[in-house]
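Take a look at this one chain, the form predicted on its own, written out in structure tokens.
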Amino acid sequence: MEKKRGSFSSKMGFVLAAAGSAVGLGNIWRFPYLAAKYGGGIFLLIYLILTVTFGFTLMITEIAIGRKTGLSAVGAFKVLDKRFNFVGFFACLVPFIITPYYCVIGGWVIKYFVTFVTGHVADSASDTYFTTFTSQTVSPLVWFCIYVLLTAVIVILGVERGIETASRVIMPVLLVLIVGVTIYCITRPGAGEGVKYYLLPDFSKFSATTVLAAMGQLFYSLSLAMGIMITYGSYMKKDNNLEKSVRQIEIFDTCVAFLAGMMIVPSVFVFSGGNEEALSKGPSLMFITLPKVFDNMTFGGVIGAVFFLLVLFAALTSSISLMETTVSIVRDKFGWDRKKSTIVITIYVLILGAIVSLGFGPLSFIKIIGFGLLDFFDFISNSVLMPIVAILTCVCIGFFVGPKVIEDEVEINGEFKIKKFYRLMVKWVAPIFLIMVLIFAVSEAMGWISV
């Protein structure tokens, strides 16, 4: 067992790593298609408001819990209040469920990057390319294994040498790539209408479902309610300004999500002739619709290759944080060293992820409450467990442990300027809205409501 817990070497190292965790596939493809589905500019406006209110409240709570206790989620909640020990277990379930299927999608991204680099752009633009690839047995497994091992190598190197070093390289490069591709895309002929749709709020499209969908996106975008920020907080040094760091993470993450929308929405808008339905395609937006866009774009092969490279970087930073969280949980629970814990988790991810991958091919007959394997795990983790964990975290801090515990941790580095606002949010506003998000997410996923 390692006697000393790892830590980030600098304030910027922590911010880049935490922002890297937050910046993932949820920013690059989920945010743009939700923005399109729920009215473009009005969704963007609501999301920005929720980020600086709900997002800030939940993130500063989780990071403060981690830094105060110096433990991952299971141990952290037990230290705060033994009655809420079960919340830690719920939180820990989330990354254990998400990591395998997230790595399956990561393997798909590598496959598409290689496809574009090798000049097979036209092939990727065919209607059947994605489904033919994912339904195969061997090829998706090979790319999945490559992705998992790439993630595991970075995690096994540790907090400073692995995660922080990777984040310091990947995040600036990702930002440069996404800015470059965005500028190119919005300067294409006809892209102006798409930019207008994306940026200008149409208040006639405002609805309760738009607010709840934007609220749900916060979990994906900011890596909330899955133990990640608690784990990263446990690696945060006491001399880091917690409130300032959370603001920087939010700014970085929101900028990437915003730019992803600016990159994707106008491009598809132009390609589809202004058809909003073409934007609301979920996973197929990235793997089916966008290749068609790149195939019809000047220098589309190069732009497509750069796009999938930045998606790969974004996916990697998130899968690193997911695996690191599971490794941290195992280390805290069993007292194993980092190498042994990472190897065990890697084997687990390879086994469960392989089953998920085969769920698109030989195991496609398996349905759980009407869902395929990947969709089922996504539903349980994102629509059920994450809102529940967030609700219980707010109840724990708001009514049992007391907001003062978080406030005192924040004020180690100076005055907590919005203390009264924080108390209102964590005790009353956030839990009420989170219950609504839970009901909405489950109802939509189960088909009880149609939006």
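Residues carry their position along the shown sequence, with the first being 1. Every value quoted in this text rests on a predicted model; they were computed, and no experiment measured them.
If you look for the form predicted together with a small molecule, you will not find it shown, but the lines that follow are about it.
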The unique member of 321, 342, 357, 151 whose heavy atoms fall within 4.5 Å of the small molecule in the model of the complex:
321
Interface check vs the small molecule in the model of the complex: of 245, 221, 381, 124, the one with a heavy atom inside 4.5 Å is 221
Residue 22, heavy atom within 4.5 angstroms of the small molecule in the model of the complex
yes
Look up in the model of the complex whether residue 228 has a non-hydrogen atom within 4.5 angstroms of the small molecule, and give yes or no.
yes
Residue-level question: is residue 102 within 4.5 Å of the small molecule in the model of the complex, judged on heavy atoms?
yes
Using 4.5 Å between non-hydrogen atoms, is residue 27 touching the small molecule in the model of the complex?
yes
Only one of 321-329, 161-169, 367-375, 334-342 has residues with a heavy atom within 4.5 Å of the small molecule in the model of the complex, and that stretch is 321-329
